[in-house]
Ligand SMILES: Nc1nc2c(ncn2[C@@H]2O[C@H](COP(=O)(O)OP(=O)(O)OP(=O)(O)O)[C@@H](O)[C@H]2O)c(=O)[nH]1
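Okay, so here's just one chain, in structure tokens, the form predicted alone.
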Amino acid sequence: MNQDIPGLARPAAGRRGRILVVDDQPANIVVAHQILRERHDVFMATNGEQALEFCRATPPDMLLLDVEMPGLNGMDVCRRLKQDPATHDIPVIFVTGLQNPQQELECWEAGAADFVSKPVTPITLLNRVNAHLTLKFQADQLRVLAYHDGLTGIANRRNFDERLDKAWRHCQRARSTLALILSDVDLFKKYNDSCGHHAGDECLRQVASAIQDQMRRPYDLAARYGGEEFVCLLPETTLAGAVTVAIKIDAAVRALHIQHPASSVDVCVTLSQGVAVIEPDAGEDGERLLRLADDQLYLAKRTGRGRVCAV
């Protein structure tokens, strides 16, 4: 049993990894599966084309990759994975009988994370796999921290800025509209002053969750824009569609019934929202869309707060 092997490294937090074993010899796949199955979820492919298709559809946490295979060999597969941003960070361990230093150099240059020699020694394979999974899981966590707001858990400003740029270019190519909603918690400073900063933090968490719940498509994004401001990015959305989302956000936040004793708008926490929709032009960038939405947000505040204004 794997758990009885002394000196076995354990992946971070005991998390099971998703490992794709790629080898044109089924017997080698069976051996790897028997060694890893108690601690990890093991998948298999018998050629390079299958491996690439699997990685693009459902990226694994790691590849155990044979070097010598007919068609696309292991180094070809590794190079293609490293060239694709969606699969670049998947660690690749070559399982190989190669003894040639030049061939090893080519594997490193292709992007290998490590090597395991054939015939495979179980303790060596387990430790190499667990060590690289730990590094991979830690890197994943750092990416989550880098792109998500620490207080509310939704996307942060950095995440939004990058997504806005990508969405702008996508909608420009597709000749479709891009919508943006800027939301501001009404009179939030007064809420903090009357209810305390701990309550203020909890208020922002609940508002963020209510906004996030209205993002129904995988490519819609809700983010904390700064302080008590939130932003929603809605690619391929019309003005009517974006206003509908804003109205749903307004209703969801009001339904939280967060008491706001210092508000002149309502007895509970409310939002002012500005909505803007444009078809991106080649000579502009997302800053124009942000300015238009910010103008509408200012109008919503100036005309009484707790409302949606759109252009």
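Quick caveat, the model's predicted, so the values are computed rather than measured. Residues carry their position along the shown sequence, with the first being 1.
We do not show the form predicted in complex with the named molecule, though everything after this point is about it.
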property: Open or blocked: site for the named molecule, pose in the model of the complex superimposed, 2.4 Å backbone/C-beta cut-off, 3-atom minimum; result: open
property: Candidate site Leu64, Gly97 and Arg128: all three near the named molecule in the model of the complex by heavy atom within 4.5 Å; result: no
property: Candidate stretches 174-182, 140-148, 157-165, 197-205 - the one whose heavy atoms come within 4.5 Å of the named molecule in the model of the complex; result: 197-205
property: Contacting member of Ala210, Cys232, Cys78, Leu187, with respect to the named molecule in the model of the complex [4.5 Å, heavy atom]; result: Leu187
property: Listed residue (Gly241, Gly153, Gly227, Gly71) with a non-hydrogen atom within 4.5 angstroms of the named molecule in the model of the complex; result: Gly227
property: Partner proximity in the model of the complex: Asn192 to the named molecule, non-hydrogen atom cutoff 4.5 Å; result: yes
property: Close approach of Arg307 to the named molecule in the model of the complex, 4.5 Å, heavy atom; result: no
property: Any residue of 279-303 that, in the model of the complex, places a heavy atom within 4.5 Å of the named molecule; result: Lys301
